[in-house]
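Heads up, the chain below is alone and in the form predicted on its own; it's given as structure tokens.
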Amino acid sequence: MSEIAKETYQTVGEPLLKDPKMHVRNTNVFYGEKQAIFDVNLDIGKNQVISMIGPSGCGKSTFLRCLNRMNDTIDICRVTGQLMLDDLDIYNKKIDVVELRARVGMVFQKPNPFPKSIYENVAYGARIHGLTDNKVELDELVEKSLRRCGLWKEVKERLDEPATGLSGGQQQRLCIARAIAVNPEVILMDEPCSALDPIATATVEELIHELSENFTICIVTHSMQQAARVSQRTAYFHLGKLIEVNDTSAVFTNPKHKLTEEYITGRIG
């Protein structure tokens, strides 16, 4: 462990909450012999947006992937500690990972629509999980999900067309519609706007704000301005450690740790 990592072992700010949607205790992540995440303790509030910021390679995306066991797809990855979704231990060996990922959905950095129609992209999860009983209900679910993502008016006449024909911003909103169609409790977003232009980014940010009324959202972002705009809480990671977490306004205007201040002011990054 580096000297900086040793010095910053104790997270400052307000990492713990009353009655959180998810809580993480003493969590470590290893890739083979290399440790990537060190002893993270963090609560994620219900119907809140929490942003995770920090320099490239600091572990924020690795940590995010712990929250729905996406790291399971990496053979050499090992996660220790306790990660709870309400009262469910998500690393219990009896857990159905497919069901977990329906409850904790994910939107990736680059839009990744399936090579199917716009309609089938949104309907896919509902079919897999048996959420509808007939075509009428499925049609209603697809429309509702697209409306919630502000995409219905743009695509309602072309639902049978390939999703890959949409613009980048539209594809990302389609991926969000696909995620919320199975009615998750938590949505994980890994730099969802990094591949988008400013106008599409503003549209997705507005969507995040609207969705937070019904969903808990965790977003990894390289943009401090975006974190300030969309989140109620912000967590700063450095060299695999959670350095500071607090209300977003407090983190950006009155950081408690020197490393957080240096990152926000641009002295490290």
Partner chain sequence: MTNSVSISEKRTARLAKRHRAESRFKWFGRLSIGFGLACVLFLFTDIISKGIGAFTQTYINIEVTFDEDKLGINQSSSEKEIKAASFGSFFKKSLREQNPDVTGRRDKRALYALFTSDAPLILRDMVLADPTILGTTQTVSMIADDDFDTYYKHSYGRDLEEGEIIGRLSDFQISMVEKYVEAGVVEKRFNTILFSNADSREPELAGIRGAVMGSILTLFVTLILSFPIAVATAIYLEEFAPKNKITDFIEVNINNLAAVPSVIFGLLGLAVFINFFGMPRSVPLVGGFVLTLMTLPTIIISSRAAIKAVPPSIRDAALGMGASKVQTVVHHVLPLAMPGMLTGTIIGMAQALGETAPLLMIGMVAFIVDAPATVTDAATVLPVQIFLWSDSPERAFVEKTSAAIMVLLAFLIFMNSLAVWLRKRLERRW
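None of the values given here were measured: they were computed from a predicted structure. Numbering follows the first chain given and starts at 1.
Another form, the form predicted in complex with its partner chain, is not on view; read the next lines as being about it.
- Contact with its partner chain in the predicted complex holds for all three of R103, D133 and V182, each having a heavy atom within 4.5 Å.
- Within this chain, D89 is remote from the site of its partner chain in the predicted complex, having no heavy atom within 4.5 Å.
- Although the partner is absent here, R78 sits far enough away that none of its heavy atoms falls within 4.5 Å of its partner chain in the predicted complex.
- In the predicted complex, no heavy atom of R147 sits within 4.5 Å of its partner chain.
- By the criterion of a heavy atom within 4.5 Å, I199 is excluded from the residues contacting its partner chain in the predicted complex.
- Comment: its partner chain is not present in this chain, but in the predicted complex one of E143, E137, E154, E161 has a heavy atom within 4.5 Å of it, namely E137.
- Residues D96, V98, E99, A102, R103 are the members of 76-104 with a non-hydrogen atom no more than 4.5 angstroms from its partner chain in the predicted complex.
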